[in-house]
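Take a look at the structure tokens below, where one protein chain is shown in two forms, each on its own, as structure 1 and structure 2.
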Structure 1
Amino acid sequence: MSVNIVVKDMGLDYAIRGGGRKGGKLTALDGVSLEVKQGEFLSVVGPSGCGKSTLLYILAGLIRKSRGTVLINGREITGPALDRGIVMQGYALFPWRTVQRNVEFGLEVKGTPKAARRRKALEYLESVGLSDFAQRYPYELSGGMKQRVAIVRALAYDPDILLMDEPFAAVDEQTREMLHEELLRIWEATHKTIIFVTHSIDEAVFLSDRVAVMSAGPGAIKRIIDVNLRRPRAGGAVKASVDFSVLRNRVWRLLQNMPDSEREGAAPADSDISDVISDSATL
């Protein structure tokens, strides 16, 4: 598979007030390097404020990197475009548009005819169980519903790359699991590249091909962990497997600033970890 996104030694400074007469700067990201393959599902975890959202914003073209390289399909990002979709941390639904018209937004920008737009929006709303809410306004929805609308709004105009910023943070465990399956189904059907920011280690491991663990101050990628769990991943079995908990533990240790269990040889005594990971037997 070809390489789709290349980030190399990338850094970002925010201009901030204070810190000298001209205002100072805050280095949110520094020395970030990352390659994401076409069709890959990559999760990003890291402490709050380490620059996860910032990274997504840069990839979305909403803010400009301060240094380094960011290439998408070999080309520098010049701004936002319909080949990338972002689901923002706040839902950012347009309050003056009904749910359906929110989902239609990207298609409108794309110039899709009205009837096709409508059909597509309703199709997507159906897929997340919100067809009954098509004519409601965002304020009439629960937080989880808003999040689902935000997700299908980004899906509806069919971007190649989907950037998701903690999209399932506000939904209950059951809905989340349902949405996980739904997202994986869509991903497998459409071969989109997904970069998925989350605070949930379980979520990251369960969904992804790889998990990027970030560190703060300034934000950088600490380690990228391969998740060699077999797909399709049926929820219960995968999560109960040893492989899953080993990976989970690895990510957790990295987030706790403990040495990587694989590298430092701190794996569970009874198994060679690389075997476990590649074998991915479910118990």
Structure 2
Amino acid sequence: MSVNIVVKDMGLDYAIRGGGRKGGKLTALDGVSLEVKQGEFLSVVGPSGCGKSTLLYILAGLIRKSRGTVLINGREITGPALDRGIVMQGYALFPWRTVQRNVEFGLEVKGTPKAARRRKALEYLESVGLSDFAQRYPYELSGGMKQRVAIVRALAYDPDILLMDEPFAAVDEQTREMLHEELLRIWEATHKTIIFVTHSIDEAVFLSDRVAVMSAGPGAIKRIIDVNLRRPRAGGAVKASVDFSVLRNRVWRLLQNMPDSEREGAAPADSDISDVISDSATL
């Protein structure tokens, strides 16, 4: 599998103004290095304020890095481009456009003829069960419906990479579970490269091929954990498994700055497995 995204020794500084600190700076990210393979589903977790979303916006071309290298398909990122789609937690749908015309937006920017973009939009809405809502407006949809529209809008113009910033944070737990299944179905069908920022350890482990754990600010990649859970994944069965609980606990321990026993080569004993399951039930 070829490498799609390469981040090497990347950092971001913000200038500090006022308070007698003229010329000072705040380092948000420092020494971030990461490689993401084509077609991979990578989640990024970390403490609040560690720069998870900032990293995503640099990859989207919305923020410029201060130093280091950020390449997509061997080319330096200089700004937003149609090879990347982005989905945010606030949906970011245009309230004056119908659902169908929201999905068509990227295709319009791409210069797709009207009939073709209408056909494509309806195909994507059909794929997520929203074809009957094509002529509705965003205010007429539930939170879960809006998020499905945001996802297919990002996919409709066929970007290579999908960047997702806590896209399910604003929906209830039942809707979130449904959207997890929907996103995995779409990913398995399209083979897009996905980078998914989340605060939820369960969400990260369930969805991903790998989980990147970031350290507190200035943010950096502390560890990347392989998620060797069989696909396709059914929520209830996977999350009830011991393997899921062990992986979840590894991520949690890294976020809590606790030793990672697997990294040190020690396989968990039976008593450790019980502790893992107990921890998972209470977190």
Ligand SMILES: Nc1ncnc2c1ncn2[C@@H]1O[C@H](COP(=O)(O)OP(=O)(O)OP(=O)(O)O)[C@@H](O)[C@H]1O
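Bear in mind that the values here come from a model prediction, so they are computed numbers and not experimental data. Counting starts at 1 with the first residue of structure 1 and goes up one by one along its sequence. Heads up, when I say rigid core I mean the largest set of C-alphas that superpose within 1.5 Å between the two forms.
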Pair member that is the form predicted alone: 2
Please work out, using C-alpha superpositions, how far the smaller rigid part turns between structures 1 and 2, and give the answer in whole degrees. 11
Taking the rigid core as the frame, how far in Å does the Cα of residue 98 move between structures 1 and 2? 3.7
Following alignment on the rigid core, what Cα displacement (Å) is computed for residue 138 between structures 1 and 2? 4.1
